[in-house]
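Here's a solo chain for you in structure tokens, the form predicted alone.
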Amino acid sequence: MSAEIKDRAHKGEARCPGAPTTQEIIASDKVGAPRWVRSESYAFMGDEDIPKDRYIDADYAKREMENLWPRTWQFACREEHIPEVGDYHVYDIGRHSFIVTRVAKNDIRAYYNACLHRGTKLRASGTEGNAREFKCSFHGWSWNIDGSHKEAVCDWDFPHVDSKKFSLPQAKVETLGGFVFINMDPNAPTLAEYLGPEALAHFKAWKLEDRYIYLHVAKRLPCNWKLAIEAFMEAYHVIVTHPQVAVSNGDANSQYDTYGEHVNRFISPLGVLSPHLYGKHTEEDILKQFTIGDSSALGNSERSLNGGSARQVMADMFRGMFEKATNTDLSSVSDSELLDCYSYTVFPNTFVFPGISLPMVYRFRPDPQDHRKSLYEVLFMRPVPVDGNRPMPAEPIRLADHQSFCEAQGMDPGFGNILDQDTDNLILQQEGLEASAKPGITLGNYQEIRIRHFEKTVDRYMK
């Protein structure tokens, strides 16, 4: 490495030598990308190691539950989970539990899921349904769906309880793009302030309220929740962990951006050769090997370059195939949105992939019983059909710890294999950090900036 390149790398300015940038690749597309795609927002944030205690220390996890989780906006459910008045969905984070319910057409509330008599949960974790009241199964105390106290059995024995002041406590609730977010902090900033103006503009441009969940898979992972979420924050691992997709994945070309304190992203261009493999493959190889998340829409279609680039041929094919498969109009959607992987993190635990070929949401939560384990969910989303009939959201498929993601009914086998490859590394990382004599982890200045950005925000909350 020359002194000049080394100096640029130190400042976080270095990019993969001899390779086009993500923006240069997108600029060559036939159907141009919107502003939110064409923006860039990288900032060098230092190069010091990240202390490893945050991943392996049980006391650190306990302090996270006290200082971080109660003060952050978290994706609790989709509006489609609670479309009718009285519908509810239970969301848990650590020891905390909430009943998220629709009280009126435009009124969604999140009640702390505990009876005010002796603390019994009013609804079991992992449940949803429709209710006219929330009644304790132990002694029968009940609350109306607007949270007001309805009845105390043998109320003559509780003259000290003022029913008018005995409403269920609430967390703050806001919605965006069909997502329902909650925050336990009564003094929390608004969701718009939390995301910041640029990231908020991106979310509004996606119109994710016009999507629905068609597959929902959950699995416990053998690692701390932060290790799980950070495994998906970079494309640096692709060439080693997912070599089967490198022929058509511009991993080292990927673009990384940060927005304020709570949002970051990468754009990983697909339909192009990995810079690690330059000179070893042709455009025909790229076309043949192109792998995406929802390849079920492709069927057995014949693929031919006909003088074009692999990327452009795939964009043209996907447009027609996804329109037919999902009964939607994609004529105004850019080639990049059809092909590329967009991964946004909303701190602390949500990933949003707003593209068409990878329309997903990831959610990560700590296991309340073991800081060395976490719950990982992947929710696949499709556009609502043009006839306006919104399908009901898919029921969660809960895999056992030993099961492959490929065993989830409806999972694309190629993508299930990618998820297995990602998560198979995690127990080795958890155990390796605990065994390591090195006190921290070392990050790249550019390709791992999302991890550094994420951990700096963790630090701010932990202070």
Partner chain sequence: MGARESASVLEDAPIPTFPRFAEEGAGIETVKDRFSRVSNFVRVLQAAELPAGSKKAVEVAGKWILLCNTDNRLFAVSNICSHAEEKLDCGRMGRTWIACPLHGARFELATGRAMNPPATKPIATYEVRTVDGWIEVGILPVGQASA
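Numbering follows the first chain given and starts at 1. Small disclaimer: the values here were computed from a predicted structure and weren't measured.
The form predicted together with its partner chain is left out here; the points below concern that form.
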Is residue 393 close enough to touch its partner chain in the model of the complex, meaning at least one heavy atom pair within 4.5 Å?
-> yes
Find out whether any non-hydrogen atom of residue 84 is located within 4.5 angstroms of its partner chain in the model of the complex, and reply yes or no. yes
Under a 4.5 Å heavy atom criterion, is residue 221 part of the interface with its partner chain in the model of the complex? no
Consider residue 198 of the chain shown here, and say whether it contacts its partner chain in the model of the complex, taking contact as heavy atoms within 4.5 Å. no
Counting only non-hydrogen atoms, the one stretch of 267-275, 371-379, 385-393, 147-155 within 4.5 angstroms of its partner chain in the model of the complex is 385-393
Checked 190, 130, 327, 175 for heavy atoms within 4.5 Å of its partner chain in the model of the complex; positive is 130
Only hit among 243, 320, 126, 186 for heavy atom within 4.5 Å of its partner chain in the model of the complex is 126
Checked 135-166 against its partner chain in the model of the complex; residues with a heavy atom within 4.5 Å, sequence order, are 135, 136, 137
